[in-house]
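Same chain, two forms, each on its own as structure tokens: structure 1, then structure 2.
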Structure 1
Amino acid sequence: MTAPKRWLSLTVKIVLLTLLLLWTLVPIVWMVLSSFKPNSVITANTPRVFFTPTLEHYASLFSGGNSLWPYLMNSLLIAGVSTLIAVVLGCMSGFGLSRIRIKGKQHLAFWIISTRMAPIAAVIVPLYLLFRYLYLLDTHVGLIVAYLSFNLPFAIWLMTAFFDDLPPDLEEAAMIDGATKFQAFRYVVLPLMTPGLVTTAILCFIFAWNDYAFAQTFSGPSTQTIPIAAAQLLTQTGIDWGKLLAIGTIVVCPMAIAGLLVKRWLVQGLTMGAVK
């Protein structure tokens, strides 16, 4: 009796899902596809799906005077170092915060979450002035510090949430067996934290890699990151779309893959432990 209704709702479901998938994927597929199109096809008056693919845009990115290599290296170095510092310090601090019993812990937690939520535009203003005084404009250290301003509180907060999930019984058992607190942390707790550490690291790296506002303000000729390379091409008159879409593909693909690798812990990561 309910069969026709089931069938109807199934159709509605399929239609809606198809629409959502198209809405989500068309721009991405179109970007990746177009990055392999010759310029004449990209600038044609009607969109074309079939064409002879070319690698010319990728080749031109890595050759000639304004190669993408330095931008890529800057991005990797700055995002990498800020991630490393955030994860190491965040892991230590997260363990401490999760286990310590002190008054005012709530206030400490509130301070940490507020620093993470601070609007980037508001943070840029004083940092710009301080960096100018300290000669940190156009340096790798400056951008690493800028990224730590949001990645460090994120890492502390998230690692605390991951440690909170782990009952302290394990360490206590190890300590009854004669382990010191450090040994219990190092040999019992830390090996269980791999998912937490990997998730935190990947998310920190994505946040830093994807940043545009800080890099736009603080970087100079020797520290520009990939998003800056993209923006520079975009502000030119007569945009070279082929090159731009190739950069876009290079920026997006590794992060999408890395993000999906930690899909299971993504909710916990992106809600900073509020949802498990």
Structure 2
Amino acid sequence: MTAPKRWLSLTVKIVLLTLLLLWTLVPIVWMVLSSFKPNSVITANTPRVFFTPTLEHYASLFSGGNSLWPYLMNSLLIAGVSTLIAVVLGCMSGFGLSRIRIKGKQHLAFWIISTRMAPIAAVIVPLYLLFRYLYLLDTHVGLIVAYLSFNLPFAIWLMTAFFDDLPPDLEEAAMIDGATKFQAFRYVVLPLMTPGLVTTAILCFIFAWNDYAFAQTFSGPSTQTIPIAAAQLLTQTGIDWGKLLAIGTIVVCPMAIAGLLVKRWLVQGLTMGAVK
């Protein structure tokens, strides 16, 4: 490729990347900035970039009788527990599915991930009837089980792909040296699966953290999560844009910060074998 063509190719890539970043980041940056604007600035006809920041929206969210703290604690508890269970069970199931030699193993793996492909609307009614019969409505356990119904198949499929890329010779070498099957899994395989575990945990947590449909259907006054708190700001009398933007920032920023902190493992995990 000649020098002019290389410069043209580089320029096109930079322009496309810049447009992609603007398309992705501008709405998020504008939301975060607007959460610090007074209501008069937010609802002004002319958008204002320069303003005097205020914390009134965040202060009102975490004070008074309708504080955001219970919603935040419910989201952390439900999303965290469901993610932990999905990663633990998905790791063990994925290892077994990757190493077992049975006829039709690929069909079994596809059947597992096919349960994740089902639209949420198709499973809400059966789950609702089941939860009502088992008295799981308006309980943390009910929401955890609901999230596991989607996160666990995804975790199994993802971890199976990671384990398929890991040579079994490493475990066999450890077992030759005297390690048991579990010791080889615990001390040899799992440390090498850190990127896969982090990737699976982040993706499962994001689904549970952002979910609205399951939370709206199965939660009650004592188990409502942050997306439900955001929906309650949309009333017939109007929209409290300041609080809504503040909640949006609270929902997005922890996930963005967590992604930046583990980006090395996340990128490595996404390219490790999740996509074949």
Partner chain sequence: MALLTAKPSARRQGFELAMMSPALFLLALITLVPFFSIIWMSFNDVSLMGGLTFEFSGLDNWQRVFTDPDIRSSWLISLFYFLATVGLEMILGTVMALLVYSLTRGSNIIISLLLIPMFIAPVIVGLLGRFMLDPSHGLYAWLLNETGLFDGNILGSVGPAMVAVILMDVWEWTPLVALIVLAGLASVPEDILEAAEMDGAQYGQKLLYIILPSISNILLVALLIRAMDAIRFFAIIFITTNGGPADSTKIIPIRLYDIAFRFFDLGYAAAVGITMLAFSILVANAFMKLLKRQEKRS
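Whichever C-alpha set is largest while still superposing within 1.5 Å between the two forms counts as the rigid core. The shown structure was predicted, so the numbers you read here are calculated from the model rather than taken from an experiment. Here, a residue number simply tells you its place in the sequence of structure 1, counted from 1.
J.: Where is the form predicted on its own shown, in structure 1 or in structure 2?
T.: It is structure 2; that copy is the form predicted on its own.
J.: With both forms fit on the core, has Ala258 moved 2 Å or more by CA between the two structures?
T.: Yes, Ala258 moves 2 Å or more.
J.: Superposing on the rigid core, is the Cα displacement of Leu55 between the two structures 2 Å or more?
T.: No, because once the rigid core is superposed, the C-alpha of Leu55 moves less than 2 Å between the two structures.
J.: So, with the core fitted, how far does Leu16 move at its Cα between the two structures, in angstrom?
T.: Its alpha carbon moves by 4.6 Å.
J.: Enter the rigid core superposed C-alpha shift of Leu25 between the two structures, rounded to one decimal in Å.
T.: Superposing on the rigid core gives a C-alpha shift of 2.5 Å for Leu25.
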